[in-house]
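Only one chain is included here, represented as structure tokens and corresponding to the form predicted alone.
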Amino acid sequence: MLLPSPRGTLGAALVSALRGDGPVPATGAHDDEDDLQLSLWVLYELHYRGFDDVPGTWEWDPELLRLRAALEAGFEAAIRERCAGLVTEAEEQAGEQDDVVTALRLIAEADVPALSSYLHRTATAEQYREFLMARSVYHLKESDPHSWAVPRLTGAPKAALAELQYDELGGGRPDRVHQQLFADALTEAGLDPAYGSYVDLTPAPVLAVNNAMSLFGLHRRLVGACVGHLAAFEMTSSLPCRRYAQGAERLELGPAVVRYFDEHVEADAVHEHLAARDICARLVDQQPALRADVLLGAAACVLLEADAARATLDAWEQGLSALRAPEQERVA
């Protein structure tokens, strides 16, 4: 994967620095949300598979880490502000039960735009392919951001997370790794299965979903938010995946597309119990102070996904693409 096209002055300076053509930006000042989210995504990607045109030595460059920290501070503050109401509401509704699983369930049941229902019954094949393209930014590295939590846990939560991730990684079978299943789905839908192929077309709200996972995963202090995000992700997956599968069948996108989502209908129904009870609840039993961040991570999963879904549906209902235009079209 090559570096993506910048979306503003910050991104342009960052890409220039990574190519060795200029200094690392001195501040985190950015033009807009697109510029912020893509720049942050680029900085995070250095800790995953990196870029073919960027030396691996940049991963731990002190100036890049300083820049990332500046961007993260604002991003984390915005997430906390966005999620405060939902977390408070869930805590109040949990009331005397006061267990983290009840609060997680209430967060997972929040009223959000039904993107899966639209894809199930209404979307065109072109819109469904747009959905797959945008989702590829995460699903081609599915489970990787949450894996950062493994060395930060001990005892029962660690064992449960390892069990869940073993399933995500195909139970030892390379052809069953969920990342590979999604790549197969892209291929059958006539799309590019290469890692990072559609980053340039991915809108800021979808990048924000991905950046939140990386933020939580890469900071030891946010391990509670990391596993809370995972729990909400699993708790809100099974029914939508059933609808995605049915939508793919309706549009005759091919068995590999259906297979990917069918795999998650059953698996995620099991994973939600592992994530909520055996990971999150056990972690809070070990470290009660992490409860607030567990719920923060869950709320961030639900609300940032809702923001991305709302932006997608708004575009489709206006007869527009939910993806960004290619760079050459925007310049023209």
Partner chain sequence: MRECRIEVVPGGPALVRGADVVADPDGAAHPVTRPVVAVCLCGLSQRQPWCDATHKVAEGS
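Positions refer to the first chain, counted from 1. Every value quoted in this text rests on a predicted model; they were computed, and no experiment measured them.
Separately, the form predicted in complex with its partner chain exists; it is not shown, and the next lines address it.
(request) Find the only residue in Lys141, Arg242, Lys158, Arg80 having a heavy atom within 4.5 Å of its partner chain in the predicted complex. (result) Selected residue: Arg242.
(message) Can you work out which of Gln179, Ser197, Thr102, Ser238 has a heavy atom no more than 4.5 Å from its partner chain in the predicted complex?
(response) Spelling it out, the residue with a heavy atom inside the cut-off is Ser238.
(message) Test of understanding: in the predicted complex, would Arg291 fall inside 4.5 Å of its partner chain by heavy atoms?
(response) Arg291 lies outside the contact set for its partner chain.
(message) Residue-level question: is Leu274 within 4.5 Å of its partner chain in the predicted complex, judged on heavy atoms?
(response) Taking the distances in the predicted complex, the answer for Leu274 is yes, it comes within 4.5 Å of its partner chain.
(request) Please check if Asp278 has a heavy atom lying within 4.5 Å of any heavy atom of its partner chain in the predicted complex. (result) Because a heavy atom of Asp278 falls inside 4.5 Å of its partner chain in the predicted complex, the answer is yes.
(message) Since only the chain is shown here, I'm wondering whether Glu266 would be in contact with its partner chain in the predicted complex (any heavy atom pair within 4.5 Å).
(response) Because a heavy atom of Glu266 falls inside 4.5 Å of its partner chain in the predicted complex, the answer is yes.
(message) Only one of these stretches, 185-193, 70-78, 257-265, 122-130, has heavy atoms within 4.5 Å of its partner chain in the predicted complex; which one is it?
(response) It is the stretch 257-265.
(request) Answer yes or no: in the predicted complex, does its partner chain come within 4.5 Å of a heavy atom in every one of Glu163, Asp167 and Arg173? (result) Yes: Glu163, Asp167 and Arg173 each sit within 4.5 Å of its partner chain in the predicted complex.
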